Every structure is written in structure tokens, then in C-alpha cells.
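Two separate entries follow, structure 1 and structure 2, each one form of the same protein chain as C-alpha cells.
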Structure 1
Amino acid sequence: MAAILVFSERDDIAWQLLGKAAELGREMGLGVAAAALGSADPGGYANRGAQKVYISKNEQLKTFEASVYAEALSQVAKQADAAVILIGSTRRGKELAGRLAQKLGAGCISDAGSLEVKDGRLVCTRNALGGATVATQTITTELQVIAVSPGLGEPIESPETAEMVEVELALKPSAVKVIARSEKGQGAVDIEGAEVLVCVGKGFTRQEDLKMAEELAEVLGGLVACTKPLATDEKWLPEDRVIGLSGKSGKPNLAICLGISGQVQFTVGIRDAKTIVAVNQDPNAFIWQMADYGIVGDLYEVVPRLTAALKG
């Protein structure tokens, strides 16, 4: 039977995807398989909704390298008779998806934010135009590769135990040598689950001044998140605090945006907030179009006042 094949270099994401694949497989009449390549815990895949779990002891899979993994997955895909390949849309997952799709002559959608079956076809949504719009799309090639945003799908416990299939893969060593790796060791802040987010942008001129935002967040019982330049250029906050197209998406009850211009690549990550408040000194800033409430003014004056008022 043709199958949905699932892979992520992260087991937790692979298991989420298996939960989703089990649901889609039932609707589309497809089996579900997982490629537990490079996983430290292939046994952990046994009761996650797959009928078959492909494993390999090939030496080349020890470190993740996209071209090697693309070759490995293309071989597994043939053996598994894959009709759909779901990959976790991490950075590694995205670079893998593109290369694999090219190898297999498949159409590919990356960063799919939703996935459902309509009239027998898989329909995906993804951000387009930098996040200004959401495109609803289908892939028309026989084989489809979809890189799915992490967080879509819930891991399941299935009574059925998957068959472990060990595959022989023909793989050449990668030309890319990994010299060093340093973990980012980011704290376990849950921006995506926060009820209140205080988002800071380039309206702040010094790192020390972020204390104002932290105090406001504390009064509100929320977390501080930021725009991309504050993390990647200024390095004032870790990258796991970035909201937006290349960062995270929150769905808080309340988001307060301080000194943020409101370009689409940022607002796409905050648009599901119930209420948005903004403070910006520019009366023509884009952020006003996204705001429920706004104060036009210097955040250096407004934020301490706001914190004080909330403290009562």
C-alpha cells in the first residue's frame, strides 16, 4: 500500500507528524511509515501511529548532512512506496525538503501551517508575500514533499506496534565536513504558549533599557519577546524570543508592542493575538493597522507610566 512517509531529525517533531499522518492516512487510504534515520531512539517510534519504521545503521547517517539525508530518504521513499513525504520544517528540515523534492521530481511546499484533505487531495496553507497573506495550495505532482511547521499534529499512542525494517542504503560520504558545533542552549521560554507577550523592537536604544519591558511583563505575568534585529543584529535577546516569519508565532490574549514599526515579517507572528497594544512615536507607523489600542509617544516615557499605572 502506498504510504505517507514521515521524517524529522528531531524525534519529538517526527512523532507529532506521525500523529497527523495517521489522521491523513485514514482519510486518504494511505499507510503510514517513519524513517527513523539517525535517531538515538528508533524504538520510541514503535507505537506512534506508523505501520512501518525504517532504520539504518549506515555510518554516513551519524551526522546530519542534507545531501546525504536526501539521498537516504529518496531510497527509503522508494522502498516505502511513499506518495507523500512529511518533513519537520526546521532549518535542517527545509534544506532537506528542497533537495529531496528535486531528486524525486516532486513538488514541494515548505512551512506548511495547516494540512487537510479536501476532495481526496492534500491542501496546505503557508505564509506568502512575507507574511502579508496566507496562500492555500495543493501539490500536483504524483509524489508530494511537504515541510510542516513544528507544532502541527499531536503525538499519539497507538496499540499497533510498527514493524521495524532495516534498510541497506548506498550512501557516499558528504563533501561537507563539520568542524565544530556549539549548542545555543536557549532557555525553555514558551513564547508560543504565553498568555501575555511584551514585544520589544528597535525603538529601544540600549540593551539595559529592556529592563523597562521586563518590569512591564512581570506586572502582567507575561514574557518578553522581540523583533528579529534585536536578536540577530544587536544580540540583546536570544533568537528563541524572535516573533515573526523567521521566528515564532504567538497567540496570547494580550500582546504589547513597544517601539516596533510593524512590518509584515513581524506582524505575521502576532496576528493571532486577541488584543494588540502598541506604543510608537511615529503617528504613521504600520503597527497602528494591527493595533486595538495604541499610544503615540516616546516609549521611554510611556512604558514606566504604564507599568506604574498597572501596579496601581
Structure 2
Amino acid sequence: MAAILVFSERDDIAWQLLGKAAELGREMGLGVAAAALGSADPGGYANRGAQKVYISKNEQLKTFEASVYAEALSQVAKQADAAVILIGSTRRGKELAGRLAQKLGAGCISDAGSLEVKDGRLVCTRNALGGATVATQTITTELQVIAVSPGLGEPIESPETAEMVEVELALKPSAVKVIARSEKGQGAVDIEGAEVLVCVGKGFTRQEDLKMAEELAEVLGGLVACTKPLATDEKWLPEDRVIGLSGKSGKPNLAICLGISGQVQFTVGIRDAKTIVAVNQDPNAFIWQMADYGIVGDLYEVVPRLTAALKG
């Protein structure tokens, strides 16, 4: 039976994709399989909606290198009779998707923001024209490779236990030599999975003033994110905090935008938030076009008062 094959180098994203794959599989008459290659917890895939989970003890998979993983997945895809391959659209995943599609002669879409079945075909939407619009796209090749934005699916718990299939993979050593490796700093956070985001922009004039945003985020149980200039130009926050076209996308229940004008390069990252609140002293700022609630005022006056009110 042809299948939807799921992979991400991050288990949590792979489990999200399995939830979506189970839904699509029912509509398309396809089975669901997962490639738990390099996973530290392959057993965690057993009851996530897949009928088969492919695992391997190949030494080349101990560290992620896109060319090696593309070859590994191409071999797994053939064994799984994959008709659709869903990959988490992380930085690594986007590179992997393109390499894998080239190997398999398949069409490829990256950063898919939605997936649904229409007239028996899989239809994707993704940002286009720098995030100014949303394009609807389909792949016409028999085999499809789609890199899906994190958060699109929800993990499920299935009563059926997947069959664990150990595969023998013929992999060449990577041509890339790793000289050194360093862990992410303690400031690394999961922006994409946060339920509350306090987003800061160029309305802040000094780095130390970001403490106001941090205090507000702490009261709300959320995280601080930022526009690109605060990370890449000012170096006030690490780049994994950037929201928008050049960073990450979130789907929080609440997004508070402080001192952010609302250019499309930023707003594409939070437009799926359930509620958007803005504080900006410019009554003509673009952010008002998408904000559900807003305060026209000086964030240096508004934010401390808002934080105090929430503390009660």
C-alpha cells in the first residue's frame, strides 16, 4: 500500500506531522509511515498514527548531514512505497527536502503553511512575494516532497502500535568534515511552540529597556521575540528570537507587539495568532491593520502599567 512518509530531525515536529499525515492518509487512501532516523527516542513513534516506523543503526546517521540523510530517506522512501514525503520545514529540513526531491525526481514545496485534499489532490499554501500574499500550489509529479511549517499538525495517540522496521542502508561517508561543535546558548527558546509571545521592535531605544518586555512576558507565562533588526543589526537578542519572514512563525494564543510598525516581513510570523495586541505611538502604523486590540501611546508608559495591572 502506498504511504505518506514522515521525517524530521526533531521528534516533536515529526509527531506533529504524523498527526497531519494520519488525517491526510484517510482522505487519500494512503498508509502512514515514519522514518525515525537518528532519533534518540524511536520508541516514541510507536503510537503516533503510523503503521510502520523505519529505524536504522547505520553509523552515518549519528550526526545530521543533509546529503547523507537525503540518501538514507531516498532508500527508505522506496521501501515504504512513499507517494508523499512530509518533512519538517526547519532550516535543516528545507535543505533536506530539496536534496531528497532531486534524488527522487520529485516535485518539492517548502514552508507549506497548510495542507488539504481537494478533488483527490494535495493542495498547499505558502507565503509568496516576500510574505505579501499567500500562494496556493500543488505538485504534479507522482512522488511529492513537502517541507511543512512546524505547528501545522497536532500529535495524536493511536491505539494501534506501529510495526518497527529496521532497514539496512547503504550510505557513503559524508564529504563534509565537522571541525567543531557548540551547543546553543541558554537563551535558546521554542518561539514556534509558545502560547504567548511578547514581540519587541525598534520602538525600544536601549537594550536594557527590553527588561520591561521580559517582565511582561514572565507575568503572562510567555516568551520574548523580536523583529529582525533587533537581532541582526543591534545584536540585542539572539537570532532564534526573530519572528517573521527571516525568522520563525508562531501560532500563539496571544501576541503582544511592542513598538513594532507592522511591516509584512514581521507580520507573516504572527498572523496566525488567535489574538494580537499592539502598543505603538504612531496612529498610522501598519500594525493596526491586523491588531485585534491596541493602545496608541508610548510603550515606556504603557508597558509598566500593563505589567503592574496584570500582577494585581
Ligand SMILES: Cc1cc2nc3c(=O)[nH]c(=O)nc-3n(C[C@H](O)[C@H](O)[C@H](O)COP(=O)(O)OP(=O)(O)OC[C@H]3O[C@@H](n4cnc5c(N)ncnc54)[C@H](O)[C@@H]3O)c2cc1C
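Reference numbering: structure 1, starting with residue 1. We call the rigid core the largest set of C-alpha positions that still match within 1.5 Å between the two forms. As the structure is a computational prediction, the values presented were derived from the model and not from experiment.
(request) Quick one: identify the form predicted on its own, either 1 or 2. (result) The form predicted on its own is the one given as structure 2; the other form is structure 1.
(request) Superpose on the rigid core, then tell me if the C-alpha of Gly29 is displaced by 2 angstroms or more between structure 1 and structure 2. (result) Gly29: C-alpha displaced by less than 2 Å between structure 1 and structure 2.
(message) Is Ile13 displaced by at least 2 Å at its C-alpha between structure 1 and structure 2 when the rigid core is overlaid?
(response) Ile13: C-alpha displaced by less than 2 Å between structure 1 and structure 2.
(message) Rigid core superposed, CA of Ile260 - does it shift 2 Å or more between structure 1 and structure 2?
(response) The answer is yes; the displacement is at least 2 Å.
(request) Once the rigid core is superposed, tell me how far the Cα of Val277 moves between structure 1 and structure 2, in Å to one decimal. (result) A shift of 7.9 Å.
(request) Once both forms sit on the same core, give the Cα displacement of Cys226 between structure 1 and structure 2 in angstrom. (result) C-alpha shift for Cys226: 2.3 Å.
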